[in-house]
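In structure tokens, one chain follows: the form predicted on its own.
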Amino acid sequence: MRPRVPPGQVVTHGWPVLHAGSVPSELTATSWDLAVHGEVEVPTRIDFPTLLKLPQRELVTDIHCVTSWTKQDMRWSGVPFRAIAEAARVKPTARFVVMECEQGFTTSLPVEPLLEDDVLLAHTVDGAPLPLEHGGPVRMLVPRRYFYKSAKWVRGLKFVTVDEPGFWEVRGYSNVADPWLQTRYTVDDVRVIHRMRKENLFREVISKR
């Protein structure tokens, strides 16, 4: 049985805020929508009221950040990714999903792991609306991957035949992002972090613990 806390992780009682760029302060539940497109038979656009009418799921899970913290027993609510994929009638040619976010950020994963029961388009955490600084009003939740794969401020799901590595991945972060295998970076950790800081791309705000 694999350990609950992946190797190299430290449990935190706070919830650190990490992102590149700024928080999109203009984004609200009223202005938010989601485009589902690419290799699907039924392209669609979903607004927030429609999202709330779709099948909902609540789960309690841990999250694991690539910067080595783990937060346990978070209670999330949202729409299972599987429900979105089924409604869009994903074509057999679709092998990857590009998660498109505010300000041009993206990340991607193969379709298969996103169909797991614990993958959500999450809008609620610990009984409250998902805060903007944590990706609200809607973010991806992919608990079995490092948290940068749980894309903040998600605005599109593009189903594609060929993978399109995203913002963090093209800068050296692992495209696999498996916490239990410690696939954090594809190049030397120190060089990646140094380059992030030099380009002023890496902003980190640690909450009080």
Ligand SMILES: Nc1nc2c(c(=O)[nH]1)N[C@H]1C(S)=C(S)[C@@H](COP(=O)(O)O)O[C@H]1N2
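The structure displayed is predicted, hence computed values, not measured ones. When you see a residue number, it is the position in the sequence shown, counting from 1.
The same protein also has a form predicted in complex with the ligand, omitted here; what follows describes it.
Asks: Would you check whether the ligand, in the predicted bound form, lies within 4.5 angstroms of a non-hydrogen atom from each of Ile46, Ala83 and Phe159?
Replies: Not a single listed residue reaches the ligand in the predicted bound form, so no.
Asks: Within 4.5 angstroms, counting heavy atoms, which one of the listed stretches 50 to 58, 31 to 39, 150 to 158, 177 to 185 is next to the ligand in the predicted bound form?
Replies: Only one stretch qualifies here: 150 to 158.
Asks: Can any non-hydrogen atom of His134 be found within 4.5 angstroms of the ligand in the predicted bound form?
Replies: Result yes; His134 sits at the interface with the ligand in the predicted bound form.
Asks: Can you tell me whether Arg139 touches the ligand? I mean in the predicted bound form, with a 4.5 angstroms heavy atom cut-off.
Replies: Arg139 belongs to the contact set for the ligand.
Asks: Taking heavy atoms and a 4.5 Å cut-off, does Phe96 contact the ligand in the predicted bound form?
Replies: Result no; Phe96 lies far from the ligand in the predicted bound form.
Asks: For Cys101, is any heavy atom within 4.5 Å of the ligand in the predicted bound form, or not?
Replies: Looking in the predicted bound form, residue contacts with the ligand include Cys101, since a heavy atom lies within 4.5 Å.
Asks: Across 44 to 70, which residues bring a heavy atom to within 4.5 Å of the ligand in the predicted bound form?
Replies: Contacts from 44 to 70: Cys65, Trp69.
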